[in-house]
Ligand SMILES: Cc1cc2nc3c(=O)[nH]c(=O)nc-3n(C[C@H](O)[C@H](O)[C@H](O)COP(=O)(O)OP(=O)(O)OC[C@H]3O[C@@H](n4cnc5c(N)ncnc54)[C@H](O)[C@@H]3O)c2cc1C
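Before any questions on how it binds or moves, here is one chain, the form predicted on its own, in structure tokens.
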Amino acid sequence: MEYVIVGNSAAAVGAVEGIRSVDQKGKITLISKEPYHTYSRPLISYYLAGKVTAEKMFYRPLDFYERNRVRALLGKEAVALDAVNKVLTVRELRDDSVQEIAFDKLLLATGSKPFLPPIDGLGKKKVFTFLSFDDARAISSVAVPGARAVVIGGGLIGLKAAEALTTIGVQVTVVELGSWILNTILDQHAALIVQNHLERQGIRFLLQTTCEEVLGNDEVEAVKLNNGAILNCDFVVIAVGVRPNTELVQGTLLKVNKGVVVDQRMQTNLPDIYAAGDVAEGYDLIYGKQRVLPVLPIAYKQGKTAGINMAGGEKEFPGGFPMNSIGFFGLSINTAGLIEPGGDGWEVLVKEEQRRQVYKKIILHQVRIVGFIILNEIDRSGILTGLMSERVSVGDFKESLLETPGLVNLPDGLRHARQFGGAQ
């Protein structure tokens, strides 16, 4: 059996381990445009800040490919897919030579790519995105103490870049189109708490503002905002968002919405071709439909599900929902699912302690948790995600959810099931 995996991050690693849990003999070829050993993308901001070395970013030990008998073609890009004849065309980035690789089973784990807004001058030198190890390395070459940076985008990627740059002494201004930062995972009140915290660290914010043009000759000198203001700067980081990287499958028979459409086995509409991770549309338990779920643990689970099925096993991805566990300068944030109620049958539980920057908001629908926001007091918030995943009715103990949740807070039957490995 010839297995081919396009990608080298969490979904690809999960697929390798899924395949090998069923098939020890089949040949696995892994293709990645990046020349690096598999690494954890969320750590690139810590690398930029000087908090981790390149070696500490590895997602698996250095012998991972050898131990799993994987032929890793790193620094090579899959540029064309013949889905009917099951052939990939692969380009060597060093010399542009190409080769064709046949497959019996294929996994698309191509992840996501940065979205570039329509801003004039993005082609100038010292304009960066922030999604890969190469991005972090390129930025580190210009991010010296006292330099001035404009980060375009106040979401997770932009703020992690801003935090890292501020840590090493760069003066950072964040330009955000929305009315508040982190608007896909925080409500306005929580966002203001986080913004005030970041401003105390020296980060400047310009909200409800867009960048119209990057100014300079060959390289960045300033940016022009939509209100006509000019911000002088030494470099720009574009962090407006990401999109599923579906370029390889455009023009093929594969069904694509925002991401590649898959079933619960992570198989596409074509036999023997699978997709997992940020490029795929997995089942969202909260929305009850297929959606892109760009979360690293979910990518791994989807990849492992795909790998098991590619190798002839039987496995279904049970579904998931957006989750984030992050921190900025000591302020911890956990979020999951929905952040605002939707209408009838909804309830909102809130707790706040301003002095400690504690804010908890839990969204209930028909007495089941469908989302939460927690700032700081995040201990055991995994219990909340477990209750969400299992769709447990929390009506009998909902008042205790705003405290630090533990098994002692659960009703007797549910607590007993959790203690002894069952489910209610």
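Since we're looking at a predicted model, the values are computed, not measured. For every residue, the number given is its place in the sequence shown, counted from 1.
The form predicted together with the ligand exists for this protein as well; it is not shown, and the discussion that follows is about that form.
Does Thr335 reach the ligand in the predicted bound form if we count a contact as any heavy atom within 4.5 Å?
Looking in the predicted bound form, residue contacts with the ligand do not include Thr335, since no heavy atom lies within 4.5 Å.
Look up in the predicted bound form whether Gly307 has a non-hydrogen atom within 4.5 angstroms of the ligand, and give yes or no.
Heavy-atom contact with the ligand at 4.5 Å: absent for Gly307.
Hey, in the predicted bound form, does Ile339 get a heavy atom within 4.5 angstroms of the ligand?
Heavy-atom contact with the ligand at 4.5 Å: absent for Ile339.
Would you please decide whether Gly313 lies within 4.5 angstroms of the ligand in the predicted bound form, comparing each non-hydrogen atom pair?
Close contact is absent here: in the predicted bound form, Gly313 is far from the ligand, nothing within 4.5 Å, heavy atoms only.
What is the one choice in Trp180, Phe328, Phe130, Tyr283 with a heavy atom within 4.5 Å of the ligand in the predicted bound form?
Exactly one residue meets the criterion: Phe130.
Considering the ligand in the predicted bound form, which of Lys76, Lys126, Arg291, Lys86 comes within 4.5 Å of it through any heavy atom?
Flagged contact: Lys76.
Is every one of Arg41, Ala299 and Asn324 in contact with the ligand in the predicted bound form, taking contact as a heavy atom within 4.5 Å?
Every residue of the candidate spot has a heavy atom within 4.5 Å of the ligand in the predicted bound form.
Any idea which of 350-358, 275-283, 201-209, 166-174 reaches within 4.5 Å of the ligand in the predicted bound form, heavy atoms considered?
It is 275-283 that comes within 4.5 Å of the partner.
Which residues in 337-361 have a heavy atom within 4.5 Å of the ligand in the predicted bound form?
Nothing in this stretch is in contact.
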